[in-house]
Each structure stands twice: as C-alpha cells, then as structure tokens.
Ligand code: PXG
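Below you'll find only one chain, the form predicted on its own, shown as structure tokens.
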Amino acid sequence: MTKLDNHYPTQELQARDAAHHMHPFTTQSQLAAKGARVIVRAEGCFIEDSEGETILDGMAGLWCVNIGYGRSELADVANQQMRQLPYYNTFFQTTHIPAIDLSERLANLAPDNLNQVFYAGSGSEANDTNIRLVRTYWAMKGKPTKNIIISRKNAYHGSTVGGGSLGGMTGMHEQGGLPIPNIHHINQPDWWSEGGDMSPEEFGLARARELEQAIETLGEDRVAAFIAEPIQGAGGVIVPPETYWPEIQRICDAYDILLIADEVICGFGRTGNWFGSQTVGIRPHIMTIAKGLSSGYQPIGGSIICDEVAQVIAEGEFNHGYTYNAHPVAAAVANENLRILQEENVVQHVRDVAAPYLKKKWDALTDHPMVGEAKLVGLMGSIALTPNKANRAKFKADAGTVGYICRERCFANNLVMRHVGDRMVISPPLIIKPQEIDLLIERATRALDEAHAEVIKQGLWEEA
C-alpha cells in the first residue's frame, strides 16, 4: 500500500472526529463514546486502519469500489483533468470532452434502446431526477395526472427527500415528513421472511401481481412508473424468486407503465453482467446509475434514458439540473474506470471465476447452526440468521440485535461485512481473487462462531 504517514494517535483522531463530524445513519452519541475506526489507506480488496490492522473489505466501500483500491490510473486521469479543465457546467449550451466520452461509452454499454444520459452527483440525486423526469414525460404527452410512482417496501433509492420517499424503509419515513405525495409502496419479494407456506414460485407471482392490483386500484391513468432494484441491496440482498421479474415486465407492458431499474448497486458488473437488468431479464425505460460507475473514486451518478422517453423530453425545456452535472473530473475518472472494467475483463472475471468460486463456499455457510439461507448473485450475497432453520424463525430479540452482534464480530476479525436486520450481506470488490475469497469465508465463519456463542451467552437464542 502507498503509505501516507499518520502522525496522530488514534484516540486523538477519534476525539476530533466526534467533536465536529456528523456521520450518516449513525447515533452520534453512541459512536462518540465508542470511537470511530479510522481508515488511513487501502489497496486492492483491503483497507488499513490507524492501528495498522489490515481489513478485508467485504463491502467494497459502500457497494462501490468495483475495481478495488489503489488504481493509480484513476488518480492520474483526475490530475490531468484538473490541470486542463477542473470544472465547467453544461447549463449554458456548452459541453466538454469527458462528458461526451463518458456518455458515448455508457450508451454503448447499456441495452440497445438506452442512449441518453442525464448526470447527477449520486444515485440519490439521480432518483430525484427520475421523479421529475417521468412526471414531465407524461405531462408532455398530455397526461399530467399520470404522476404516481410505485415502489416497494424495504427498497432503498437514496436518502434525499425524493429518493427516500421512493425507498420503502420505515425508519427513514419516520423522519422528515416522508414520503412525498404520489409515491405508493407494495410488498417486497422476500420469500425467506415473508413467504409463509407458499413455494418461492407461487410467492414470486403473488408479490409481482401486487403491482397489477395497485395499478388497478390507483388507476392506470394515474400511475406513471414502477421503480425497483433488480436485486435489493441495502434491504438485505433480497433475491426475488425466478417468477417475479417476468411477471413485473408483463404488467408494465400491459398497463403502459415506465419501468425504472435502480442499478446503483447492481450496475457495472456486480451481478455478473454489465447491468442487473440483464441478469434478471427486464427491459427498463430508465436505469439509475452511480457507485460502480466510478468505483467510488469520484462522486457521480446519473439516469440512462431510453430513446422513447428522451425524444419526448427533448421537445421542451427540462427545468432541472445540478451544478455538478457531468463534472469533468468525475466524468473523466468514471470513463477511465469503465475502460479498466472493459479491457481487463472484470465482468467476465465475476461471472466465470469469482462468483462461481464464492457461491460454493457461500452456500456451505448454511451448515452453520445460525445460518438458515444463503443467497448470492454475482458478487452480492446475504445470509439469513435464524434460531430455527426448519421454520425460518425470527429471533425473539428486536430485529437487528443478533445481526449487530455478528457484524461486530466480523469487524473484530478484520472483515467488513454489513448487517441489515438479522441478515449479513457482502459485496466485495469485483477483482477479488480465489485466495481472498478463502480468507473472506474463513473470517466470516470465525465471526459466525463467535456471534453464535455470544448470542447463547446473552440468552438471545430464542424464537419469536
């Protein structure tokens, strides 16, 4: 790893952080008492903290560092672009070469009819764009009341007012007056937690048909779009039954509803294809992109828009934009990131090497007494923690109590693995090698063993 010396003791850094830095999705007082882990450098699939501990990053940052850490090519491109054109906007009938190059590359990578890109600074911003985009589209087609967007419970589409409204997480909706009007949520396709006695196939159809029921209740003339992640990421890597997405596609086609695929996590190789839409076999009108677009090296997101929608929007002025639309440095870095993904065959590595190797070992985690289900698509996976595999039981303790214990044991064993309720999730860099997968499984198993012992010790091994 390239070393930039840290001359400050960890405790001093933690105190300064607590004094002035508000962390996202965090109880600040608890973190201040505990002290944040200070990350100082990274290389490949590993990060290093201020105490010199080397940690396997099983989450690729926040689902985003697809090409791994430490790629100097991206730093070189950023340096060159900053010296030549550090910033200019695209508001004033102007453009620049990084925006042109990146847009052309994205159009070539995306499915055939998705050829226009509207940029943002993040996936959250891009989903805010999508709200205005689909409503403007229908208004320009003479249907201004066709403005309801249907989403799913436990979906994540960002944490802005718009993105948080599209998402279906109750904890977010409890703060800040969310959701905004004309956002409707249906149930998620989570068979493990909600399938009851139905087979996965029956459950997948039933959950998909909730979309049809909602359209008929709300009125086809009122529903503008359906938005969903091909595979739910922040909701716990929820892999829908195989019957789910074909039925969703049928319903969107039948009722003339725009389909928005939130590809912020699934895009750019995560599922073993360039886009999750290709993995699940759908034809979206709009794809939300971010994260893997630049492998997290620069903040950038956007919406890739189909020709049909783009052509309608092009007939009028779309009164929407951001200061950092297609920021030249971010666009240049994203373009270089995509070049690396293409020329080094990273998506093929996921599909043919890393994902098959990880799947065998990931599936075997169900032998652990606390693991009931293991799901993996490409390099995004989850395991469901349970006190009783036979009936898919939940723990009696509050949701997330056991998951948090497991997450802490992962971190103690120098593995970043996230918990979502009582599910553990992974999303490692796409360049992960088999020997690094072995290390991931070794540390995950040790963490599960330690968490299992701690759960029993605390008297939490009880069914709800």
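Note that this is a predicted model, so its numbers are computed, not measured. Numbering starts at 1 and runs along the sequence shown.
Note that the form predicted together with this ligand isn't included here; everything after this is about it.
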item	value
In the predicted bound form, segment of 149 to 157, 322 to 330, 248 to 256, 103 to 111 with a heavy atom within 4.5 Å of this ligand	149 to 157
Among the candidates Val264, Ile304, Ala225, Ile383, the residue which, in the predicted bound form, approaches this ligand to within 4.5 Å (heavy atoms)	Val264
Option touching this ligand, based on a heavy atom within 4.5 Å in the predicted bound form, out of Pro189, Gly123, Gly167, Gly292	Gly123
In the predicted bound form, Arg418 touching this ligand (heavy atom, 4.5 Å)	yes
Glu229: touches this ligand in the predicted bound form, heavy atom cutoff 4.5 angstroms	yes
Close approach of Leu62 to this ligand in the predicted bound form, 4.5 Å, heavy atom	yes
is_contact(Ala234, this ligand) in the predicted bound form, heavy atom dist at most 4.5 Å	yes
